[in-house]
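The chain below stands alone and is given as structure tokens, in the form predicted alone.
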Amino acid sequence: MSRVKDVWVFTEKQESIAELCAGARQLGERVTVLAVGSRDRIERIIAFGADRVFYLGDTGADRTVEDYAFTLSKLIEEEAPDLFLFGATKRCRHMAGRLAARQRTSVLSDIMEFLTDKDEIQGTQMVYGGAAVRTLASKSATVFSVVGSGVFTSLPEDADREGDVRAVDFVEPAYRVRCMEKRERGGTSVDLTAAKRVIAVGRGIAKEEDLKMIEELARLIGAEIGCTRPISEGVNWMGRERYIGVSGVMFKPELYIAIGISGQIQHMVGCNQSGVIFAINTDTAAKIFSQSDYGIVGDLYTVVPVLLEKIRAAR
């Protein structure tokens, strides 16, 4: 695979920068990060793999991330990067769409893998609920792409790396979105993409109160809890941010424990890059066993209490 000359990275989430920088280094000769927020982030951004940083400024009472769209558009016209990678957040998707439209092109969304040559940049994405893979190609001067968490693997942080930093003048937008009020989000919040260990539950869980034993297991092994779509959007036992699958979270934890999950492709595309997959299911023919490193055929209401007992005894 050939490399393009200049790859840009933009995301408002600090935890996504390391992954995107690692991917940009694979794809391009030079990595440029467009940074918004506190200026003290810049040294870490360079340590993550950036060759240069365009510092756009801080957000605050008078500016939002969206206000920088005109600033970014001006930079694109001046610098003409080959590829522009965005994190898969709502704000980044919005920003990618606006910038691509101004360049009279479209966005390659939810790309899983890139291929580059001298004439075009290609990206693959899941379609039909994960049942097929589609390859898209773009020949626009700047290719815009949204990349989900887990597509690239972060490189070790290198505090000795050096890079160029340029402060960019703010371009006043033609119109602004003004924040009128902020409220605490109800319920719990979790970032499964940052977890090294994840336990996920599916329809094998009979009652919501039975999640307590799963929570204890997660606490004992230092894991976060996720779920399949029916648990999140069917019975609403868990928040949307815990749903794992093609239209939910996609990640690469070191350990993934699937409890009462059949292993349909729509779910497995979210977790099949895990380091180790361990499954518990009563059905010997469950699809998840074909993608698991370890498996126990048995009732979770029998297996999980035994696991809890053994772990407690070993502590």
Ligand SMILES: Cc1cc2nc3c(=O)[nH]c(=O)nc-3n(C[C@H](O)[C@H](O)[C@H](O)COP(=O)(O)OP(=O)(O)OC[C@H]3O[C@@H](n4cnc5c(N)ncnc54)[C@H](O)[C@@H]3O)c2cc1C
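Note that residue numbering begins at 1 and tracks the sequence as displayed. No experiment lies behind these values; they were computed from the predicted model shown. Just so we're on the same page, rigid core means the largest C-alpha set that superposes within 1.5 Å between forms.
One more form of this protein, predicted together with this ligand, exists but is not displayed; see below.
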Check: Which one of these stretches, 77-85, 222-230, 164-172, 146-154, sits within 4.5 Å of this ligand in the predicted bound form when only heavy atoms are counted?
Finding: 222-230
Item checked: in the predicted bound form, the one of S247, N272, Q26, T64 near this ligand [non-hydrogen atom within 4.5 angstroms] -> S247
Note to self: Just checking whether Y301 would be counted as a contact of this ligand in the predicted bound form - the rule being heavy atoms within 4.5 angstroms.
What the structure shows: yes
Margin query: Quick check on D283: any heavy atom within 4.5 Å of this ligand in the predicted bound form?
Written below: yes
Next item on the list: Determine whether any heavy atom of T59 comes within 4.5 Å of a heavy atom of this ligand in the predicted bound form, and answer yes or no.
Entry: no
Checklist line | R93 within 4.5 Å of this ligand in the predicted bound form, heavy atoms | finding: no
Notebook entry, point to check: Though the partner is not shown here, which residues of 263-282 have a heavy atom within 4.5 Å of this ligand in the predicted bound form?
Noted result: G263, Q264, Q266, H267, I280, N281, T282
Notebook entry, point to check: 2 Å or more on the CA of S73 between the shown form and the other one, with the rigid core superposed, yes or no?
Noted result: no
Check: Taking the rigid core as the reference frame, is the Cα of L155 displaced by 2 Å or more between the shown form and the other one?
Finding: no
Notebook entry, point to check: Aligning on the rigid core, do we see the C-alpha of V143 shift 2 angstroms or more between the shown form and the other one?
Noted result: no
Check: Taking the shown form as reference, are the C-alpha positions of R91 and P230 brought closer or pushed farther apart in the predicted bound form, with a change of 3 Å or more?
Finding: closer
Checklist line | Residue pair A22, C271 - Cα distance in the predicted bound form, closer or farther (3 Å or more) | finding: farther
